[in-house]
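First, one chain by itself in structure tokens, the form predicted on its own.
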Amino acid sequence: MQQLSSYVGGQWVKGSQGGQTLVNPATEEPLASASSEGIDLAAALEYARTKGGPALRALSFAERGAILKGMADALQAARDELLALGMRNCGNTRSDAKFDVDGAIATLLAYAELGTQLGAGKFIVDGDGLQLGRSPRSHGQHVSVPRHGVAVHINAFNFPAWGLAEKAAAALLAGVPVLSKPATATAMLAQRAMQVFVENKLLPEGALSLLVGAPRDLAQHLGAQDVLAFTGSGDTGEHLRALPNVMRHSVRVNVEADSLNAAVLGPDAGASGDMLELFLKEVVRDITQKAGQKCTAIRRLLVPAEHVATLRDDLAGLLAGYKVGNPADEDVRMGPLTNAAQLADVREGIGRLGAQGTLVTGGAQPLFPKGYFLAPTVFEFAPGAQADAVHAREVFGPVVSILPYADDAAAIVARGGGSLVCSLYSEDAAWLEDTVAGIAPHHGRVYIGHPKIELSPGPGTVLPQLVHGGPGRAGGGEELGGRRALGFYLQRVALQGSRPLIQGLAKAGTQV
């Protein structure tokens, strides 16, 4: 059985024996082990700060972007191998594995292009300079410069390739070195991606490190110039924010946590037509893609009360045609959950929903003697039901709840306490205006579906051009969003002094 290595201090290092066993979630076959025991985490961070940081800061945005382009090309060359790992270690169908790996490649390419646009500058000149007071020589200018620390990225199990690339692309382009910590359960794919980068000698020494196994006390070694970006449970995010060194040094923390994303069918959509078909298509995709293990997956369906019966029957019929099983079988359309703990957690969530709602299809029963499989599951709740189980906790699997509404859609959506994305399906401009105004403060993104948008990625696809994050329960953070993502890794500073001197200093930057 393979023992995964970390890449820290410019070399591959294996942790002490033991650690966590990684398995094929379709067969429960052991695949590898991962441990971080015995690795000097403080030294790994310091190596990134002292070697990777200066090397990246010496490069222009265009040169950093060229590195990202090289990383994307290298992943593309290794794509088939990475897809196979996604199927074995993550339980992905080939389509779901493509969603992860191709998402990583596309994000790296998007930030590579941004690097080209930002050009020869090494930092960002933020807006026009200002005359300060009466003297024209008294001048002020805001600039944003790379922080002299390391970006620690703690990623979730569901997107081992995309998660690594999504966070690393923005940090590296900003000029800040990265230590990436993938979730252990699916770390085989992240480690192989890192091997591809190292084998191709794409990055300066110390610019990108990888830690497999438990994070141990990694976050406790962060200081004032460092940043921490975490994707995972709200409880863990709260713990990280409360660490004494994080609070003492005001370490920047970005959290993407739980999210009860909603899809709202507008009153005008009716019981048939193109809009309803689009709604059903995108709901089914979000329930089944990666077995519902997406932070952006739809969890709550808000449907006009008079159309619930039609929607319920149509949705159940569509899901009945989805074959669940081992992704190695070509006709399988949905694979297993990632591990036994995830399966147990989703089953517990199904039990909570079933205590308050009516099961339409699916359920918590095991499908096969081996593997972590569940059927796509739908619950229906009565009109006006409190449905606390729906709004209190995310069930991170192929599970969705139907909630009838009258004229209170925005209020019901807001009960989720803050989400990454809400999707609306309507052509009623007045209804959309009112509903967007009601839900926008509770979300990082609002998706308005329309059947005439060709090849729409739907609400469940995170795009590098748009902000990914959300308030409240969703963690209160922001990632991506094009150039906006760089701000997390840059320090905005006001330069004040003689106009010729300040303008001379600003010449090394890129005006935005």
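The first residue of the shown sequence is 1; numbering continues from there. Computed from a predicted structure; not experimentally measured.
What follows is about the form predicted together with a small molecule, which we do not show.
Select, from the options 352 to 360, 117 to 125, 180 to 188, 82 to 90, the stretch whose residues sit within 4.5 angstroms of the small molecule in the predicted bound form by heavy atom distance.
Selected stretch: 180 to 188.
Could you work out which of 270, 417, 215, 204 is the residue within 4.5 angstroms of the small molecule in the predicted bound form, going by heavy atoms?
Looking at 270, 417, 215, 204 one by one, just 215 meets the 4.5 Å heavy-atom criterion.
Of the options 289, 401, 342, 209, which one has a non-hydrogen atom that comes within 4.5 Å of the small molecule in the predicted bound form?
If I apply the 4.5 Å criterion carefully, the residue I get is 342.
Residue-level contact is defined here as any heavy atom of the residue lying within 4.5 Å of the small molecule in the predicted bound form; does residue 239 satisfy this criterion?
Residue 239 belongs to the contact set for the small molecule.
Contact flag, residue 257 vs the small molecule in the predicted bound form, heavy atom cut 4.5 Å
Residue 257: contacts the small molecule in the predicted bound form.
Could you confirm whether residue 279 comes within 4.5 Å of the small molecule in the predicted bound form, counting heavy atoms only?
Residue 279: no contact with the small molecule in the predicted bound form.
Determine whether any heavy atom of residue 76 comes within 4.5 Å of a heavy atom of the small molecule in the predicted bound form, and answer yes or no.
Residue-level check for residue 76: no, no contact with the small molecule.
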